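Presented below, as structure tokens, is a lone chain in the form predicted alone.
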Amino acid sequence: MIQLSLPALAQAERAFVTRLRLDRDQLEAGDSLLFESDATSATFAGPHGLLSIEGVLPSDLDGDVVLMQPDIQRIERLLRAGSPHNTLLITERCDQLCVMCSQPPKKTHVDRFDLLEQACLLAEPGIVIGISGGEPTLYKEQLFGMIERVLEARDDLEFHILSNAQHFGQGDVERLRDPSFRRVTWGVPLYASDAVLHDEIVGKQGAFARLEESLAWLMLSGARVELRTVLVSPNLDALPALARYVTRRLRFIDAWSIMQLENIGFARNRWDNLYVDHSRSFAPVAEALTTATLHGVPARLFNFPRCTVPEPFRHLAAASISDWKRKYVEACGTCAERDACTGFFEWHPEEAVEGVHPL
């Protein structure tokens, strides 16, 4: 597992963002250059003084954009060079309480928009930057402002933003029609076409109705939307009905991602009640995928190891798990499709990988 947070010391007293470089010829504004290193630490010198990082080789940090927090003596690797899986946590507050939430919400919020904006401006060319929470649109004005400024300065970047879409309104339509927002994709969860079931899963009465309203405003604005459905036992049999709803009412979406459960957060203690062994119960998933495909809605499977998916649907199983939290088990060692496979979450229970076999 790749460590995103590392112990560090800095001369600066306040939090700052910098990009780490080993080669002086690559230095640009905001960068810190390797000063000295040994087997267990690396010291960089930059606009904020010296920064010493423990527990990683300098070569593993080259090009990374990091946030140094002197008060807790740690760095966060916000944007890792060469990685397609870079996501910025905007807030840990949320107005839903999903039964399987992988990032249980907190009541407090630490405003880091200025620092995260600086990080985006230092990003390597042509990447997609993820934004998640909590619920980012609880701070919609700050979020929109950051996106607009970054995309104005960096026309090579794109954003993928996870949002429960409870906070879009008519007043957002004109703003979201700006061409810069065509480089933003909104990842929006929808767990059932039945309002009661969806509201039960997200832990908020009226959430389905509010979501429908927000999706209408997003459609009118021309927004790019990826619909996301986490597979849990309460909505397994409801997937075919959801597919019919999506193909009738939400044809404007760019993609529909059906996602397997992650054993972390709230799902860890509810695993036995929520987890669906799709290798034994794939029929509802297959029906949903077939309906979507027949109606021209691009559908895909996230967090589904390829060998656990029936062959006719295997090509839809994307390598979706972020590299920093992905693992493979012993049976994956000789698999010809390993490079195209998502593998497992680092914290996936060992007893839940039975039946995995090389392809």
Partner chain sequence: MTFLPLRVRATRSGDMLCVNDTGSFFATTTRLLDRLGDNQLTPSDLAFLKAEGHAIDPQDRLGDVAYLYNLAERATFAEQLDYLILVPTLRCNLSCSYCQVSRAGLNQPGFDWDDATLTAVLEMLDTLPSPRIKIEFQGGEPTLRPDLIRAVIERCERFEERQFVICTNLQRVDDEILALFERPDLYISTSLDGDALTHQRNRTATDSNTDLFLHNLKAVIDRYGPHKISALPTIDPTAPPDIDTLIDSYAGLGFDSIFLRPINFQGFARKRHSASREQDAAWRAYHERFVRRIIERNWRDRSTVLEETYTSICLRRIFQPGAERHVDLRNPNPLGIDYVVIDHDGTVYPTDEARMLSRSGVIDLSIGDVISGWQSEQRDLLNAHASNFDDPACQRCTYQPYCGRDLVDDISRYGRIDMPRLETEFCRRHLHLFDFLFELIYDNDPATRYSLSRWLRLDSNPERLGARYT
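Positions refer to the first chain, counted from 1. What you are looking at is a predicted structure, and each value in this text was computed from that prediction instead of being measured.
Another form exists, predicted together with the partner chain; not displayed. Remarks below refer to it.
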Looking at the partner chain in the predicted bound form, do all three of 216, 248 and 313 come within 4.5 Å of it through at least one heavy atom? yes
Report task. Report yes if any heavy atom of residue 212 sits within 4.5 Å of a heavy atom of the partner chain in the predicted bound form; otherwise report no. Result -> yes
At 4.5 Å between heavy atoms, is residue 333 in contact with the partner chain in the predicted bound form? no
Residue 296, heavy atom within 4.5 angstroms of the partner chain in the predicted bound form:
yes
*asked:* Please tell me whether any heavy atom belonging to residue 290 falls inside 4.5 Å of a heavy atom of the partner chain, as the geometry stands in the predicted bound form.
replied: yes
Only one of 239-247, 116-124, 90-98, 133-141 has residues with a heavy atom within 4.5 Å of the partner chain in the predicted bound form, and that stretch is 239-247
Picking from 128, 259, 220, 255, the single residue whose non-hydrogen atoms come within 4.5 angstroms of the partner chain in the predicted bound form is 220
